[in-house]
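Okay, so we've got a single protein chain in two different forms coming up as structure tokens, structure 1 first and structure 2 after it.
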Structure 1
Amino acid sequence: MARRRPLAAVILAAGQGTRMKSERPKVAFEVCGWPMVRHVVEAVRGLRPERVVVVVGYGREMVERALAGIPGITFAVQKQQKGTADAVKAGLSGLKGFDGTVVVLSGDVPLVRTETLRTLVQRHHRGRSAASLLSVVLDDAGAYGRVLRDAKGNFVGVREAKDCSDEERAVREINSGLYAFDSDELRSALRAVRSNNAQGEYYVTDVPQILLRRGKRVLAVDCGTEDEVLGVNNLSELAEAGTRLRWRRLEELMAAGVEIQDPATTFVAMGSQIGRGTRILPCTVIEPDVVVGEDCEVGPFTHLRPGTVMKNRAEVGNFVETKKAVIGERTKAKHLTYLGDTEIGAGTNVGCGTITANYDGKNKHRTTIGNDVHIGSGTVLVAPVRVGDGATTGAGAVVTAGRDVAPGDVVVGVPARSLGKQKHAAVKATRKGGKR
């Protein structure tokens, strides 16, 4: 039986990430719509730890902002980036008095799943281990730390690639940067870490060996999935992680009944929801915080930005961009349209080339469109403006700010003027190019 121990997590996110060649802190780079570090935080939150401490330092404000709004996390500051052991020390300063298991994660391993972390913690507890690390065997071990074992296969330590002999560098089992430690053993071993290595840094990877020398039990758990431990240290690895996460997300959606015609050109960010029976056509980008209902159609060439809500059976198509837009049931906007800060009722048709002009150069304003409205092709709705239920706008109409269209009214022209409520007469008149 595994021992039950209180659980806390420390996430290392204080480094700059010099190999990214950017001023932006590495863990704030986005992967599949979320900052890299958020993926790690969400994965570990799945274990329901009592506490989650994120270690910040370089670009601290940006990293804290990247995690704003996620409940139950606290930040600890590592003033100077002296290495991962020093970062863990900073993290532990946020866990004073905690006695239990501390899961330590690099903030740059965004593909890790909760299930894998759970396996690590279970193995750690079952093995009554002082330290356990997740490893995996790779074809090309690259710049990862190598997991060293003796002739009998017992774990003997981790060696950073830069400190390896040629023989050690040939080892293909690598350290994922994901660990479980007994809190007391970790605190005590960290005091013994020295910086006499190629980079002159304090390595957390020295902790397992220190504990082994003290006669403690240490485990290297092979997680068997190369995918999850991909560490992101440069822009090429960032793209690789993005591709893998994107496919993972699309597979999950397809398993849940979302039809995706061309996964190769479909991007669906984390933190968005898509209902069953919805069809996504090629070249579609769906950002975080988007909710698409059931039996909708999205695409081809559609961009749904944060705050978009599509109710059931709504359809948006070619070159349509939406932002903070609620699109009612069965409402359609099929071509060349921008809908921003907009709410549209049910059964409305938004004609080709419609634009909600939501920005006056200083402020954003809202557009409200009712049920069963017919927005003619090329209409510009200058917000703030309302179009009532059952109303019609003629092709090319410019409905100016504050000139609300009454329910059932027909408006045409620039700026749009009322033709009264006789829908059929109105349409005839506009066709003749008549009365304005």
Structure 2
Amino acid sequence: MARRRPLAAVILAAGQGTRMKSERPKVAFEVCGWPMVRHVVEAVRGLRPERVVVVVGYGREMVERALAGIPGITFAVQKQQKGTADAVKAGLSGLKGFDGTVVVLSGDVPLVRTETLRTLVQRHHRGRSAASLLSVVLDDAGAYGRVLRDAKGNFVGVREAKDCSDEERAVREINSGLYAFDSDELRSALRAVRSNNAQGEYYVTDVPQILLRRGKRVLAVDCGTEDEVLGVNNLSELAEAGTRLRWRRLEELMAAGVEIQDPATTFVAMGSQIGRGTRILPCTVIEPDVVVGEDCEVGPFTHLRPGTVMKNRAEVGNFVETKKAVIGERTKAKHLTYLGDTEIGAGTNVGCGTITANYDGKNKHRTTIGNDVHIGSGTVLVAPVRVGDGATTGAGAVVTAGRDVAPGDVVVGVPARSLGKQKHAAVKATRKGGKR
């Protein structure tokens, strides 16, 4: 069995993206809950590379923030925007001493899949190629560069659309701009790239041609799909990429046993986890860093924000918003409720219109609600505050900061005052077995 060659990746993320009409760098725009460059990084990380170098330039700080906390990434700076070959050369500065295969791809192709990149690398190795480019066959090749092959099907070059003959323009196989290179061959070829073009820039697309002229083997690997080469250059293409990725995400969840009643109105971001048997009802938004357990119910019109954890069989419903909230097993919050910086135990019912008032104008504070608690409709819990196991708040109660509700106690009024634990048994008896 052949030894696996070391693998590294260079991701080009230095451009501004002027057609986005924004001061924000293009690759920092979000697609399905993640900055688009993160999608590319995660696809590459699926290959388990030894090193990943992200080339930054315009808006460097924003791009680095977008990738903060992701392990195994280093950054290289392209000081001037002098073309893609110059950007790759900057990226190689972060791969000093590396000998192996280098995958090169752009940070603005958020739909690229790990599986496709793996196929490209495997074919590159099997073919003992100096360079391999990912190609895709499109119904309409449009303005993409055409992949040219000889009568035996061997790759002979890439022709830009504007330079194609009528016969070449009819070719439907295009260059995606994603590559695998032998590291030494790449370094050598980059030294030969010239800027004798209308833009006066250095293009990585020249590298395969240079290697071919040197008698090296170059492959065009037709293994991609149309959406994987969908680069994002303007806000319309951003929306298109988001739609495609959202549907891909929902299809993956449904295949894993998550019931999504109306995919057309459901948004589930990358970086969220949803357990088998959970039902997601229409008009639901689930952001990154959300964990939903098994056999839960979410929606309709629910917004789960980062830091939310729903344990098994929990339910949240109409116009409920959560943020950094832990919702215990079998706990329900079904209507018009805000749960921010909150932890709720098991078997609790949160009544319609409940608010955990977590912000005092300067700082956020936590609310803790125990097991088997009954929160009456319209209750306001002013954090920091704790409601003990088995307690009850009356409708419209305002529990002020620091005035904790003791286990088993019943509180009512504004501000909330105790009716005593002796009332609690009767209250529990009247609702035992009733609908929560």
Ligand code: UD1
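In this text, the rigid core denotes the largest set of C-alpha atoms whose superposition between the two forms falls within 1.5 Å. As the structure is a computational prediction, the values presented were derived from the model and not from experiment. For residue numbers, the reference is structure 1: its sequence is counted from 1.
Two forms of the same chain are shown on their own. Structure 1 is the form predicted in complex with the ligand. When two forms of a protein are overlaid on their rigid core, residues whose CA moves 2 Å or more are considered shifted, and residue 72 is not one of them between the two structures. Superposed on the core, the two forms differ at residue 152: its CA moves 2 Å or more between the two structures. The two forms, fitted on the rigid core, differ between the two structures by 2 Å or more at the CA of residue 143.
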